[in-house]
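Structure 1 and structure 2 below are two forms of the same protein chain, each written out on its own as structure tokens.
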Structure 1
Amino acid sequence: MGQILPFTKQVLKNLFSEPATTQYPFVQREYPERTRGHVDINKDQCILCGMCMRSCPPGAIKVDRAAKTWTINRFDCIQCGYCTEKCPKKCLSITPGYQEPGPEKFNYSVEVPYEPPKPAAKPAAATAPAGGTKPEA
């Protein structure tokens, strides 16, 4: 029987054992504890200070204050988490999981609704005459 049906033992084993694959789309995968994940931003807390851009070792993050955008190149990011430590507002975080694959490389860009505070109006200073002239009494 071993020479006639050499795969019989394996077929019977597979019929009565647990499936080797997970039910991915229906059951979310639990990532291992030390998985690095990817950098995510809470755009409502971001103040576009650029500390993340200056601290990013490979230069994957770009902050444009004029256009009010925060952009990351996922292929350049090494998921070191240094930007999340340097963010003064703690709006960056490492999210477990992977990005969805796509047909082309692209930069992930977010429009940040931050409005910088307007400078306070200067109080009207007492106008002292220049040149040391005394006001007449």
Structure 2
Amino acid sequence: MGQILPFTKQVLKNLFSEPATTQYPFVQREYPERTRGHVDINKDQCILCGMCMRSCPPGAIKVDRAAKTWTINRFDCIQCGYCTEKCPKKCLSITPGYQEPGPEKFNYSVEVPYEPPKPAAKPAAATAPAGGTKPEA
């Protein structure tokens, strides 16, 4: 009390300072590098073990060994990062960039070029498959 127009200082400060908000569609926000936006896969390293599928809390990831696909429903994904913790090959990572909204939930699928090692009975005679992809045990 006893102050005359106590808000004057704030009003003047607001008048001559930059807005606290950004003009979003014209000025894109820069995300810090740790931002958990979406799960990315390095498909060359994936061994289709399915650990991510079994650990995913909302069940957003599907790994199909027969069809050799790694599928994620990004609308179900909660970006918790548990799959990246569990992945034995560390081929999953969480990178910036959020899933954009859409009219329906769709799956994002990746073909994994993994060749499972042949269950060769004699290890001495086993030879590496001559395919273009590198086999990983």
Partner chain sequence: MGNRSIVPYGPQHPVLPEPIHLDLVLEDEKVLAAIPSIGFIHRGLESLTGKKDFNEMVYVAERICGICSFMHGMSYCMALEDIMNVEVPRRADYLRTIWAEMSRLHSHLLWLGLLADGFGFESLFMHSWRLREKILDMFEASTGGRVIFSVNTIGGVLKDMPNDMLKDFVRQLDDMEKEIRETTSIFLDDYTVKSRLVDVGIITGEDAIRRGAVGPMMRASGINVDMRKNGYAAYNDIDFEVITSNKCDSYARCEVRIGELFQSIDIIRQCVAKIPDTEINTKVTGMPNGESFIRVEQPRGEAFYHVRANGTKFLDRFRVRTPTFANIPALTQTLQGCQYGDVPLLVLTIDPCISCTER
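The first residue in the sequence of structure 1 is number 1, and each one after it adds one. These numbers were taken from a predicted model, which means no experiment stands behind them. Think of the rigid core as the biggest set of C-alphas that the two forms share within 1.5 Å after superposition.
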Assuming the other structure does not fit, state which one is the form predicted alone. 1
Large Cα shift (2 Å or above) at residue 27 between the two structures, core-fitted: yes
Using the core for the fit, does the CA position of residue 99 change by 2 Å or more between the two structures? yes
Align on the rigid core first; then say whether the Cα of residue 18 has moved by at least 2 Å between the two structures. yes
